[in-house]
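You are given structure tokens for the same protein chain in two forms, set apart as structure 1 and structure 2.
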Structure 1
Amino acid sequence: MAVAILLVGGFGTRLMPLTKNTPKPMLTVAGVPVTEHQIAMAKAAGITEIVLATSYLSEVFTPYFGDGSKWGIKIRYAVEKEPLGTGGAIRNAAQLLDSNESVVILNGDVMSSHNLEEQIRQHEALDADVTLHLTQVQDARAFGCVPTDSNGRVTAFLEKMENPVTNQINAGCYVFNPRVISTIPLNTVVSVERETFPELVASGAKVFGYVENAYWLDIGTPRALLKASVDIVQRSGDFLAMPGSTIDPTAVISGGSCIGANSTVGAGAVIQGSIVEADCVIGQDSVIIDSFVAAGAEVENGAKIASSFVMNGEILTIP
């Protein structure tokens, strides 16, 4: 048995202006917030209790997730007045968990299909202090570089280095022994990547990697966010229409696009490889390609939009 903390308090800087009113983890991928995908994943791995570690736009999460009963899981909220960093957030949120069970930590902006149950099992079998999900990427510069020895033990934790020593990276899902969390100082800004992990490795703590190269994506950039949604939609079809959406029969929707709840798509519209969030109005004969239409936005009749963010009254090219 394990409990979980979801780190959902970051600013989502690389997704501005989409994250001006919506925290990054609440942006939708295949019609539902990233956090909701993670809650389903955690539940499938046997987790019964989750704390959302919130800070930036914390008030957005509670009305949506409530006490978690809709998902059959117990959800509580820890709010940082000022962001405490990833380590400070974990320590703060852990106060709401009074158990001796393993604590799973999830970065709130990652879509992963790895076997979390197996990661927890390995962690407990090795009686590890921390077990990090590790995966391989082509370019490791934007991630935590994590070399391991032949026993799978982590030998260093090197956050965002210019010349990565390995392409094996921190995939942002950890299992902690609760004792280790209590060594992180309270009400203090701490980075788990730049402080806690390097210190644990240096002190000889049992930090292990759980290496699995299943589907994995950090949705922290606009292109990655679109890719995650398209990938998931394409697992079951060419497009996805959420309940309550209305699509004119002459509209052509393809390329893994998703049309959000209560959105309407007018006659002759063409939508490809895009996310249209909830409550949008897509005008007749408009063309929307590889773009993100934010909740509640309207697209004019005949508009031609490619690789852009569309918000009400604002269209910006994706950098």
Structure 2
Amino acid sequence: MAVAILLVGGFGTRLMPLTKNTPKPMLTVAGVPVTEHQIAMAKAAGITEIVLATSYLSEVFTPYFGDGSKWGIKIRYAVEKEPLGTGGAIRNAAQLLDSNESVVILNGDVMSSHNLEEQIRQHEALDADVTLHLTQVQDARAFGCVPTDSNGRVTAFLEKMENPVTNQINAGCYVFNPRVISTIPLNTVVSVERETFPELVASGAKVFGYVENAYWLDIGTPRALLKASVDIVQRSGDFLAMPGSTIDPTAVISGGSCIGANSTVGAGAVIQGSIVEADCVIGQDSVIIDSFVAAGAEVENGAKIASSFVMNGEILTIP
């Protein structure tokens, strides 16, 4: 069995303007916050305890997730007074885990459907120090590369390069032996990607890669977040309507759109490839394409909106 830390403390700079009032892990994908998808993934892998490592707008998480009982998982909260980087956040959150079990680190920027249970199993079978989920991409130039040897052992962490030596990249989900986390200094800004992992490899530590090319997406930009929602919705239909939503029979909703709980869509409205969060009012004959409508927003009758972020009284173009 393992426990988990979910890194949800980032500012979400790349997701502006969506994160103007909402931390990125609480933005919705297919009707529920990104964090809820990750909690469900952790639970499916047999994890029963998770710490949310928060910082920016930390007060938003507790009212929604509480103690985790609604999801059948124990949730605690570690709040950073100042951002500590990935390593510092992990070390800070680990203080709330009184366990010698493997520690899974989930990244709030990533949606993945890889087999986390198998990643944990391989980590423990090898008595590894760290096991990273690696995924293979067509063009690795935009990412740092993580080459492995014939036994799956990580041999280097390479920065972005024009001619990558491998198409394997760090997919952002790690399993740590707790003995490694204890070596990260407390209350210090540390990056596991730039400092901890390279240092472990250089010292001969047992750092392995778990390679699986399941669905994986970095949701750090507005367009990527929309894509994640569309991808999930389209697995089961052309659109998703959450409980309590009301959609006029003449409205046309398509392209993997999601209509949030208790939202209303008026007559003749057209919504395509978009996220409409909870408690929104979509006016009649309005057109919304490839856009994100924030919770509680109202869209006027006949409005034409494309590639935009909609709040009450404000419509901002998505870059």
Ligand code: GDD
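We call the rigid core whatever largest set of C-alpha positions still superposes within 1.5 Å between the two forms. Computed from a prediction, not measured in an experiment: that's the story for all the values here. Please note that residue numbering is based on structure 1, beginning with 1 at the start of its sequence.
Looking at both copies of this chain, which one is the form predicted in complex with the ligand? Comparing the pair, one sees that structure 1 is the form predicted in complex with the ligand and the remaining one is not.
Superposing on the rigid core, is the CA of Glu117 displaced by 2 Å or more between the two structures? No.
Asp139: after superposing the rigid core, is there a C-alpha shift of 2 Å or more between the two structures? Comparing the forms between the two structures, which are aligned on their rigid core, Asp139 does shift its C-alpha by 2 Å or more.
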